[in-house]
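Okay, so here's just one chain, in structure tokens, the form predicted alone.
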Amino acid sequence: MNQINPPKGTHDIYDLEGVANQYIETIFSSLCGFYGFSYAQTPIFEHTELFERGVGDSSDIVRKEMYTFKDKGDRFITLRPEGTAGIMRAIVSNKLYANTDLPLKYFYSGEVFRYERPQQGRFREFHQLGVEEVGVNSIYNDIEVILLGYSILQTLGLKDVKLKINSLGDKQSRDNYRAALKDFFADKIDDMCEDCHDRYNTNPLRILDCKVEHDQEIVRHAPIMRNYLTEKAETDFVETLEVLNAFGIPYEVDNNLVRGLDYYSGVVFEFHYTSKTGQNYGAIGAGGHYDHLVEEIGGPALEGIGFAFGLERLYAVMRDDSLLEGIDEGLDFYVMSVGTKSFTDAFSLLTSLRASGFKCESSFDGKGFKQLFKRANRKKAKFAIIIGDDEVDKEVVTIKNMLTEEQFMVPYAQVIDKADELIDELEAHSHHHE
């Protein structure tokens, strides 16, 4: 039989990455909860039109990277390339704006799909963690979302996070700026890449995002957005920066930051991270304010702000910076039964321990103590509970502390109480040392 390999650009998640992803998602969701966001889940596929309208025709995602196909009913279906459009569609489909106080605050996590050349740390199927706050009307909503993203990274142990921030202003600001860019690039566009030709006509802001070196050189001299902001947009931006200063959040205003999606307006931002070894990982999360997104897909005129992190990117950064050590806490107890007579009692004890909330494992393949102790160590068990034929006769177990190697006998009837006591002691001890 020929072996079946995973499709290009996909990967399996297990062992450390599996544990790490659960850990990252737990911290992400609990912090979102502190900030008053609730969980929402939307379908992995939607009508193609949603992304054309929501993400925007001129973005690279829609032009080049979507997994689009016709289903059996001849409908154009697309696997979601990002999370925001689906959340907006859910808000409109379910009229969520009509029966609750604004702003609506949702967080999500799940797979997204982009058909691009897989490169280091980028996959065709990857995972995003994101938030959306919709129906906002104050810069404090923007700041709340930026602070949430920053706190999540800090809590995960990423200390050297820098916020890159820019403002794309309101519609008037962007119209002024587009005109200025068209003027600037008019006599240069012929020497630029084909994508830039398209962008020149559909959305000249996209040119600032060009990755071609020759074009970047030209872009370096282009006019900057900041000089074209309307008075209100400029005031909002300055106020936002002042509040970030007050909270001691390090940021850098980046005039070329436009983000790869067409729907942004107002403040846009990226979280950049440099590892302990000095490696710059670039953007590990990004987001921004949008003013017409809900309207674009048939809802009322509501503004919003959101961000997303790439889970694979976060995992890689945390792994490389040794921030994952100790997140796999291992087992509380490894129950060792030696001799077939003891299997029944061992299994019954194992089940009681689990029902009392302890992480336990056992083995029923009749291996000797030496092998079982090796397994208990590999599983990072805190204690071993030993039941042999002798113990069964006396209805006692031997409990051994895997770290200190001290051991003591405990009658069957007292094992659960003793287990509680031992784990409590360990936890008190570890908090004492932190």
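Just count from 1 along the sequence shown to find any residue number. Just so we're clear, the structure is a prediction, and the values are computed from it rather than from any experiment.
Not on display, but discussed next: the form predicted together with a small molecule.
- Checked against the small molecule in the predicted bound form, the candidates Tyr228, Phe185, Phe126, Tyr315 yield a single residue with a heavy atom inside 4.5 Å, and that residue is Phe126.
- Checked against the small molecule in the predicted bound form, the residues Phe237, Phe307, Phe333, Tyr106 give one hit for a heavy atom within 4.5 Å, which is Phe307.
- The stretch from 81-89, 243-251, 318-326, 154-162 that comes within 4.5 Å of the small molecule in the predicted bound form, counting heavy atoms only, is 81-89.
- Taking the partner from the other structure, the small molecule in the predicted bound form has no heavy atom within 4.5 Å of any heavy atom of Leu257.
- Although the partner is absent here, Glu132 is a contact residue: one of its heavy atoms lies within 4.5 angstroms of the small molecule in the predicted bound form.
- Within this chain, Lys232 is remote from the site of the small molecule in the predicted bound form, having no heavy atom within 4.5 Å.
- For the chain shown alone, Glu116 is a contact residue for the small molecule in the predicted bound form, at least one non-hydrogen atom being within 4.5 angstroms.
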